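There is one chain below, alone, in structure tokens, taken in the form predicted alone.
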Amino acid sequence: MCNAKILSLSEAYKDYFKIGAAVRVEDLQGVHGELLKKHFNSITAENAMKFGEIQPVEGKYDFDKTDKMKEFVLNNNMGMRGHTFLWHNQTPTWLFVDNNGNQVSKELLLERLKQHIRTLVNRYGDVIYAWDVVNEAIEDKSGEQYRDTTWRRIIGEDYIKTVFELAKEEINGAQLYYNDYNNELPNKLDKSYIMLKDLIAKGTPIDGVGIQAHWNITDNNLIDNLRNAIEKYASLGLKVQITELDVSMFNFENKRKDLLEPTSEMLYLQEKMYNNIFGTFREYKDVVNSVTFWGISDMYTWKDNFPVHGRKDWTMLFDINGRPKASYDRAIKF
């Protein structure tokens, strides 16, 4: 489905930022594999590097999927984002329990995390240019700054700083990022800014912030919010990476599930949104150094069946056959 005459997405942005995609191991072949080779110069493992996937049992790693991704990256002159060391989801229960079945000590938990980081860095560090060290630590609820997680309860209030310092000890040459969703929205932006400013003031080795960018076609405030967020993060001396970009046809409250394909109006609004989004990314190219889509084409997206079971979504620049949509043309023509 890859037309050789179509301008490559990564080629269009070679003077701006890396263009990435989140992948499953199945995506390295077929239509998605060809799209990756032509249009992208970076990948992120959608799930394969998360703690519960790659080390489900203590000391027993499942490297198979991530090894295949590394081989693909090396064979196609690409880079890779490491996602993610510390998250409250997809984390195995053994990590928080000692040999007697009691809650693990802070010291043992940090030692286990350090060993995990060291193992992944030793195996994949040569292809990874940025790591998501901590993922989604900010609480969405008003009045609360941090999410109440087992990590925080055991390590303590300074756990984010501690984990970044631990990662820095093991990592050379790659940038370290804090990654979150909705952190361009005013309320969560304020919380993220306060946290990051505090981390920097305490000398935490952090290079940037990841804006996940799970957006939709109806958000009229998006561009203003995005500009404000990039400028606030940049004011702290941080770089920004767009880490999980998609543009849904539905806002979160929309429960509609009668469509077999997007309407012409939906496609037009998506085209307009992608045009404005990429225009903003280009405007801040001195701050934004990587843009990663959370998927490759509409053939498969994580928004299929979420949050509405039985509903297809069409979030990407390429359609269900891997062909570029009108949104693609608007993204590359500038």
Ligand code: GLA
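Residue indices: 1-based, along the sequence shown. Since the structure is predicted, the reported quantities are computational estimates derived from the model, not experimental observations.
Keep in mind the form predicted together with ligand GLA is missing from the figure; the text below concerns it.
Looking at the partner-bound form in the predicted complex, is Q90 within 4.5 Å of ligand GLA by any heavy atom?
Taking the distances in the predicted complex, the answer for Q90 is yes, it comes within 4.5 Å of ligand GLA.
So in the predicted complex, is ligand GLA close enough to E244 to count as touching (4.5 Å, heavy atoms)?
Yes.
Although ligand GLA is absent from this view, report whether Y274 comes within 4.5 Å of it in the predicted complex, heavy atoms only.
Answer no; every heavy atom of Y274 is more than 4.5 Å from ligand GLA in the predicted complex.
Any non-hydrogen atom of K50 within 4.5 angstroms of ligand GLA in the predicted complex:
So K50 counts as contacting ligand GLA.
Non-hydrogen atom within 4.5 Å of ligand GLA in the predicted complex for each of H83, W294 and W302
All of them do, each having a heavy atom within 4.5 Å of the partner.
Identify which of T149, N216, Q212, Q175 has a heavy atom within 4.5 Å of ligand GLA in the predicted complex; exactly one of them does.
Residue within 4.5 Å of the partner: Q212.
Looking at S248, T204, N135, N182, which has any heavy atom no more than 4.5 Å from ligand GLA in the predicted complex?
Contact check passes for N135.
Okay, which stretch from 58-66, 279-287, 262-270, 42-50 lines ligand GLA in the predicted complex, with non-hydrogen atoms inside 4.5 Å?
Correct option: 42-50.
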